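Shown below, as structure tokens, is a lone chain in the form predicted on its own; questions about how it binds or moves come after it.
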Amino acid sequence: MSKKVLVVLAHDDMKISRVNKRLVQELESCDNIEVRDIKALYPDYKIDIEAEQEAIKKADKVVFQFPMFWFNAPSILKEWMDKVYSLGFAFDVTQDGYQRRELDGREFMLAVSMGGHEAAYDGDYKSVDECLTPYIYTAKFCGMKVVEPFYTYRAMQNLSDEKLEALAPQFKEAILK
């Protein structure tokens, strides 16, 4: 039985995307992968909480795919998390403390594209993992197993068509792992 994967795509404008658009196209042939473009689904930010929670319940693995903006994800992903990872769904509060719920045991993966090159996240700036700590620790708090991320660098500069074409099947393989 193949793993069911939910890709929560958070991109402000997929029409102008080059990298994320190509990566999503690579997944289109997979019956076991559902891609939910939350900006297209909810341009008004009015998240259908029940629909999103049902999509999660069907998944073994949840992937957040987005371009990094100012060392973070697009704001719609935060809104999505605030609404969907709700008390009673993602966790409960009991006399003994927090209790994990629907996310417990599912895999969690980040698939993030950055405009700069990898060295831009060394030295004076935080590493990509440090920038994305809230997503990683939210997943851990909810009992998810955090798996190796898929990072794409130079999305806005010097990522050749050939390199992007080589990355697309690697992305698909990472998602299905």
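Values in this document were obtained by computation on a predicted structure and should not be read as measured data. For every residue, the number given is its place in the sequence shown, counted from 1.
The same protein also exists as the form predicted together with a small molecule; that form is not shown, yet it is the one meant from here on.
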Problem set entry | Interface residue in the model of the complex among Tyr151, Phe108, Tyr121, Tyr42, criterion: non-hydrogen atom within 4.5 angstroms of the small molecule | Tyr121
For this session: With the small molecule left out here, work out from 63-71, 49-57, 25-33, 137-145 which stretch has heavy atoms within 4.5 Å of it in the model of the complex.
Result: 63-71
Exercise. Wondering, does Ala168 line up within 4.5 Å of the small molecule in the model of the complex on heavy atoms?
Worked result: no
For this session: Give a yes or no for Lys163: in the model of the complex, does one of its heavy atoms lie within 4.5 Å of a heavy atom belonging to the small molecule?
Result: no
Exercise. Even though the small molecule is not shown here, does Leu132 get within 4.5 Å of it in the model of the complex, heavy atoms only?
Worked result: no
